[in-house]
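There is one chain below, alone, in structure tokens, taken in the form predicted alone.
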Amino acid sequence: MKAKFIHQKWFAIVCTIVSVIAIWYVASIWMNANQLAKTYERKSQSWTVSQVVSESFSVKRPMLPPPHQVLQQWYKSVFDTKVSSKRSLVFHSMITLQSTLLGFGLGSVLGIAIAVGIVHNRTLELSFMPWVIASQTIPVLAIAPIIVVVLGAINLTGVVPKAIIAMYLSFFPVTIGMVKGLRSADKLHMELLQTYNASRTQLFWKLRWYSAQPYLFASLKIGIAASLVGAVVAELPTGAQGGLGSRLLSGSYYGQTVMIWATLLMAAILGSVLVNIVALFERILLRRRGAAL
């Protein structure tokens, strides 16, 4: 009975969350207490350990805000602020979401097209695949300002540059996953269809595409998370007036660490929701195919 309890999935999740929160609190006490102690010493004021520890939970601009402070700021920015306000995290999330979804759509289409070309053309694989892999060795933080400047020179501003940077991060996992998936078709089934004189188009739609679907959804879940990261990173060099990236940037300018952490929490929630939406579509499709879930 005890062994079954320990091996439950929810038990592992709860233990992980509790451990992370405990470590977070200890780290925040250590970092903020040091900050407070130095402040008291600079002002030549007396202090006690218990006083510093208790005050470390409510520092206005802490070095590391404790979890409850982050949750309070997140709740205030989401539920106690109008959605149309520039202080609302929902407002900024909607802006980031636009470029995320556009970049994810473009990256998915591009990734699938490249994978189909690579699988059906050996020359394309030998000439193009190394460039696809090499493209991911360039840090997105380095390439983002270049894309913004180049597109700005041809009057492409707003959502499009951010979407292209999001696409840059999301097309790679889709390409790799689809190449693997399209080649996973059973050889016996391939030979059977070829004996019936099936064309390459028929082989693709009746066998390869079907075999690639589980790989495609696994790649899409990685791709949409990468697309969100790309959209947030893209908002940093553009000097955008809205978006989670601009919120992070303004928080760093003014030393608002609580706001930075609340924005990070919002980005994590948004990413989790997007990944779960893709997973939901995956379950629906696989269930229609008769897969046991």
Partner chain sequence: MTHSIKTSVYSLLLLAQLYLCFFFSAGFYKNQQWLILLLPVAIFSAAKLMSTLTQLIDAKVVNSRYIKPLVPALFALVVLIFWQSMTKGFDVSKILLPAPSEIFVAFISNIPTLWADFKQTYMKAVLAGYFIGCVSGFVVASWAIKSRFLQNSLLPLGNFVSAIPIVGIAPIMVMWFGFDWQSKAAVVVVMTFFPMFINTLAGLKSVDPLHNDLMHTYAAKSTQRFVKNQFPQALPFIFNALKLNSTMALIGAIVAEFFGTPIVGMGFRISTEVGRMNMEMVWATILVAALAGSISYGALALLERAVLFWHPSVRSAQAK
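Numbering follows the first chain given and starts at 1. Here the structure is a predicted model, which is why all the values come from computation and not from measurement.
A second form of this protein, the form predicted together with its partner chain, is not displayed here; the remarks below concern that form.
- Shown here without its partner, the chain carries 91, 156 and 220, none of which come within 4.5 Å of its partner chain in the predicted complex through any heavy atom.
- Although the partner is absent from this view, residue 122 contacts its partner chain in the predicted complex, with a non-hydrogen atom inside 4.5 angstroms.
- Among residues of the shown chain, residue 128 is one whose heavy atoms approach its partner chain to within 4.5 Å in the predicted complex.
- By the criterion of a heavy atom within 4.5 Å, residue 143 is counted among the residues contacting its partner chain in the predicted complex.
- Although the partner is absent from this view, residue 37 stays clear of its partner chain in the predicted complex, with no non-hydrogen atom inside 4.5 angstroms.
- Residues with any non-hydrogen atom within 4.5 angstroms of its partner chain in the predicted complex fall in just one of 66-74, 37-45, 222-230, 52-60: 222-230.
- Taking a 4.5 Å heavy atom cutoff to its partner chain in the predicted complex, the contacting residues in 264-284 are 264, 267, 268, 271, 272.
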